[in-house]
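There is one chain below, alone, in structure tokens, taken in the form predicted on its own.
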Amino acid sequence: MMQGKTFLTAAAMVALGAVSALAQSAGPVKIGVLNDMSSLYADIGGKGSVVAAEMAVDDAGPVLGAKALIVSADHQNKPDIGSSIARQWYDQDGVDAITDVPTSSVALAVNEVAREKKRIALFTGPASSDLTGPKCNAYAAAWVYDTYSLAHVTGSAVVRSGGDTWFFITADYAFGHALERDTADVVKAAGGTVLGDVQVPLNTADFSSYLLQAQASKAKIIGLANAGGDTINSIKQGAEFGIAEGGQKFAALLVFITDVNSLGLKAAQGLQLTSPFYWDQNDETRAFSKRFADKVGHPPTFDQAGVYSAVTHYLKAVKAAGTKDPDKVMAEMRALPINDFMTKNGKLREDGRVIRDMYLFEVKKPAESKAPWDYYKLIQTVPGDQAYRPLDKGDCPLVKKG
């Protein structure tokens, strides 16, 4: 035996695996909220997503005889950090499911850990449609939206209204690339033209050089394939460059209500956007949003609302299955219809895509807003089977051909 080294026999390794499996099956259900707590996406999910998960746990009551537990961590928008946290949570900390995970590059890394460990991931924050396409995973669900739905609802509406030439300002990572790709496909299919694009590092403060390129393209539409702080900076700095006065329009392809609040209605008015949820849609959305706002100070983003929805459905499936076993729980999640304040008769498909209605909203003019956070007016409801990619078109290996 070499000094300082410890070697495990095959039997010991098997025993260690059995102990790990036992740790996963014992104890209360544990859910990890993994997101950006400190940077450009913190308002979208952040601590608000943790509150939403805790609300879902409170509303669910005891699950398998005990109240579920919530843990949380900041992935700092870095795939290596996100996957490392996921691995520790699944392997050592007894976490049964991970939720939220904005930043598609991080989500794709966490998705691979979930696949390897056969543990559940409920994605509400990331947008890349690849999560339910080539990278689909039997243990993962994309809960509220994706780049395909953003492109087909917002992109189609903009092209229909005459926006037939585009230039993209794109976040240079998996999400931005997927959103530009999916939107460009919509533009071209409708007879429009993409005149160019520019790739921008995540969390950029100065967009001047990128905006000048977009301006010089003479495209009618400047497509913002970015999110959060990057979208806010693009639009604010675009106003300083006189983008609108020059006859060009922004198409903000992913907008959260916190972005509109940061921009203000004067800057954001007239923006059309796709969302799976708005706090002021009906009595149910208003009731949930009031409870949330009492804890957080503002209505939920659709990501935060989605965390509540995903955790609620997951806990309902655990109760129905009578176990935390991931295969049995995922089977129940697919079998049970999804019904809550933001989703009616939703369905989790075998590729991991949740099918639910999407909405095209327009940001109100300042004079139209009657109260704080009264920002949207509904333009169109798009049924889920029209908003999302057809099951046989995504190249998901889990989907049977023919």
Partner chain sequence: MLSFLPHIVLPPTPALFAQLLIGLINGAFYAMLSLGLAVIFGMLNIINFTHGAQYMLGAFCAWLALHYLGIGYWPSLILAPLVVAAAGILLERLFLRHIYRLDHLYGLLLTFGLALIIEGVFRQYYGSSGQPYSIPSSLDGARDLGFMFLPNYRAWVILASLAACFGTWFLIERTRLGAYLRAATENPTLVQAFGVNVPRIVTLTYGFGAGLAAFAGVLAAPIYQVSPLMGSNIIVVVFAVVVIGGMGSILGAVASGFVLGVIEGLTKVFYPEASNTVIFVVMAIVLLVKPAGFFGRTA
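Positions refer to the first chain, counted from 1. Owing to the predicted nature of the structure, the values given are computational and were not obtained by experimental measurement.
Another form exists, predicted in complex with its partner chain; not displayed. Remarks below refer to it.
- Heavy atoms of V50 never reach within 4.5 Å of its partner chain in the predicted complex, leaving it off the interface.
- When its partner chain is considered in the predicted complex, S105 lies well away from it, no heavy atom lying within 4.5 Å.
- By the criterion of a heavy atom within 4.5 Å, E240 is counted among the residues contacting its partner chain in the predicted complex.
- Though the partner is left out of this view, D43 does reach within 4.5 Å of its partner chain in the predicted complex, counting heavy atoms only.
- Of the candidate stretches 280-288, 93-101, 211-219, 107-115, only 211-219 has residues whose heavy atoms lie within 4.5 Å of its partner chain in the predicted complex.
- Residue in contact with its partner chain in the predicted complex (any heavy atom within 4.5 Å), chosen from K328, K236, R181, K319: K236.
- Distance criterion of 4.5 Å from any heavy atom to its partner chain in the predicted complex singles out S262 from the list S262, Q88, S72, T323.
- Taken together, D172, D206 and T258 are fully in contact with its partner chain in the predicted complex: each brings a heavy atom within 4.5 Å.
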